[in-house]
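Just the one chain here, the form predicted on its own, laid out as structure tokens.
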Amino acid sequence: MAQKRVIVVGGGLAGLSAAMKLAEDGIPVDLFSLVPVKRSHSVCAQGGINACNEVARQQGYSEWEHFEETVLGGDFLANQPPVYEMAKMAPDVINLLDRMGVPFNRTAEGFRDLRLFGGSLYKRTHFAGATTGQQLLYALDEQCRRWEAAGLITKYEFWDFLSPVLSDNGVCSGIVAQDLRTMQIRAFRGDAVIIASGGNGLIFGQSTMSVICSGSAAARCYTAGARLGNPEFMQVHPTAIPGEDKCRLMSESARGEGGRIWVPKKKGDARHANDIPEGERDYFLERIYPKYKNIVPRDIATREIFYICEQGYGVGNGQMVYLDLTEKATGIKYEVLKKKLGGILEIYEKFVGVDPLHEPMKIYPAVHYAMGGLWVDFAKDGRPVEQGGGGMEKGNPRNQMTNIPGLYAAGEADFQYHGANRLGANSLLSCIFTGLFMGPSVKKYLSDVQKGSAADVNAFVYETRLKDQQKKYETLLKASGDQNPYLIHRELGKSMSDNCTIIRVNKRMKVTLALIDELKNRYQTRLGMPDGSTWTNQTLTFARATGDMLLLSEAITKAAIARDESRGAHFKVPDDKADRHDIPLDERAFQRDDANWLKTTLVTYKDQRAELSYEPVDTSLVKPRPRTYGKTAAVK
């Protein structure tokens, strides 16, 4: 029998972690990436990675605290055993990265330094300046290069994943992909396939994500039969630089290191920020949440910023607030913040032309992360927590598998670990954790579950899928209608951003859903291809992704309309109160409804439409409770 191989789609932290772990176990891996691995979106992560360590334990922190903070931050919509397993394994993940040479910041005593991050009163976020994602990505890439040299990892950079290949019995047995330089389309045999392709922020037009984050790989699995889980939950980060082309993240680490958010107390105050005295500034997060202050979870900070601007207190064009890192506001020396936050300070200075340590930054929320994604399974460790159980059963082939046998998902491409809202610095952890933890599970699938191997699958199956994709490619290349894919995407992005982000109202989302139907029809019947070249045709790649984004946006919007509650990042306002700007957010929104909506949204692609169903959430470890974060004052 031929040696079994695994295909990994995605060159970010989740994909590299999975590839490295499988290679360590002697399993050959084909690693596909839309861009060079070192340009994967993981490189943009700035603030840090969460885990308990010996310094955190001295504060009274523990892995259990980390777990509880995560499920509370996610408004109890995440299955608890996988989250608990992630929190338990987090210290080992950090130790592994440290041994790989990640240059974590350290204290004067030599311990790995920690910073505050949203949703916790404990310092438990490890960091490498303000370029943590880059340092982690480069370290894992070095490990994968070692296995590449040993012949166990083969990289396919600049390749676009087009579809999974399902054998006659519905088992995933490979993929079809396209070389984006020669435009050659090929089928690849694989005994298991891991989708680790990141998020879908491009659906919203502008986001803090890279412009390659269209969600296409997940969408193509979705149309092949894989279910989506909780697609309606999209995180809007409270602090980003608004831009014409995209929004640039200003990391939560800025607030974790002492940055303060404020607006002038007087509406329309035109004075320079530095000229406004302390007594005339409204540090509204500190006023409303005196316990957590500027490190409340992201969904909460985002809504408060939105509301304060809606009331007319915003600065600049009325849709921004100040994020202040100056010594006047923080009491922290210039040199200290420059050392810890240099990466993001340079980004702000480059794009705005102002040193943010001398003048407060102007920021506003922007789409940042998809909590939802491909639905994946898990096998619970039934032992009590006191006996080391409560998490997932290690090595069980169900862990991280989609509903399609042999098709797995990891990182931001799956739905499992963040519920209704992700805590900052848990994304890097979940990506690396899922990649490492699923390795033994995939290995077990290959040895104990899979019947035969992909080498035994009839070649006709691959030839058929290849011809299907070749036909789609040729049809798209020759499209001569009057609809430009970039303009279709612009219309989609504007409507999704306007109606499906911070505040959600059914009557507005139904307008978006109707527009999506119209755009789908225009895309399918009137699309025109501006570039017909057959060599490195990036327009074609984008046009194909536009069709995928239309499908995912339908799933997001339908699921959001159906979920009649407010939970985490999904903040729904009743139709009859949507235009009443004088009503505080808490009073005009639906409340969390555990009796009817403590359940996972499942979306299946059926008859070219998104079909909704639901399943219960495992809350066996911590009973759901209100997310107040010490709120004591109403918005003025």
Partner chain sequence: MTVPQTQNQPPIVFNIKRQDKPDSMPYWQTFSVPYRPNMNVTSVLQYISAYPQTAEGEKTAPINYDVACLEEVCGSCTMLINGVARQACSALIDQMRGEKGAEATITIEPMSKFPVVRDLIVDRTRMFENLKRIKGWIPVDGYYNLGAGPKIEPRKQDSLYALSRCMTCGCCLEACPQFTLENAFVGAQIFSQVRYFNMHPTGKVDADERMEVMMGDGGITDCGNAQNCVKVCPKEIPLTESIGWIGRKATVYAVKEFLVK
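Residue numbers count along the first chain shown, from 1. All figures in this text were calculated on a predicted structure; none of them were measured in a lab.
The following text describes the form predicted together with its partner chain, which does not appear among the structures shown.
The listed set S566, T131, S216, N399 contains one residue whose heavy atoms approach its partner chain in the predicted bound form to within 4.5 Å, identified as T131.
Between the options K394, R383, R145, K507, the residue in contact with its partner chain in the predicted bound form by a heavy atom within 4.5 angstroms is R145.
Using a 4.5 angstroms limit between non-hydrogen atoms, E615 is distant from its partner chain in the predicted bound form. Contact annotation: G331 falls outside 4.5 Å of its partner chain in the predicted bound form, judged by heavy atom distances. Remark: L96 counts among the residues lining its partner chain in the predicted bound form, judged by a heavy atom distance of 4.5 Å or less. In the predicted bound form, no heavy atom of I404 sits within 4.5 Å of its partner chain. For the candidate spot formed by V43, D92 and P530, every residue has a non-hydrogen atom within 4.5 angstroms of its partner chain in the predicted bound form. Judged by heavy atoms within 4.5 Å of its partner chain in the predicted bound form, the contact stretch among the candidates 322 to 330, 339 to 347, 409 to 417, 357 to 365 is 339 to 347. Contact residues in stretch 14 to 51 (any heavy atom within 4.5 Å of its partner chain, taken in the predicted bound form) are M20, K21, E24, D25, P36, K38, R39, V43, C44, Q46.
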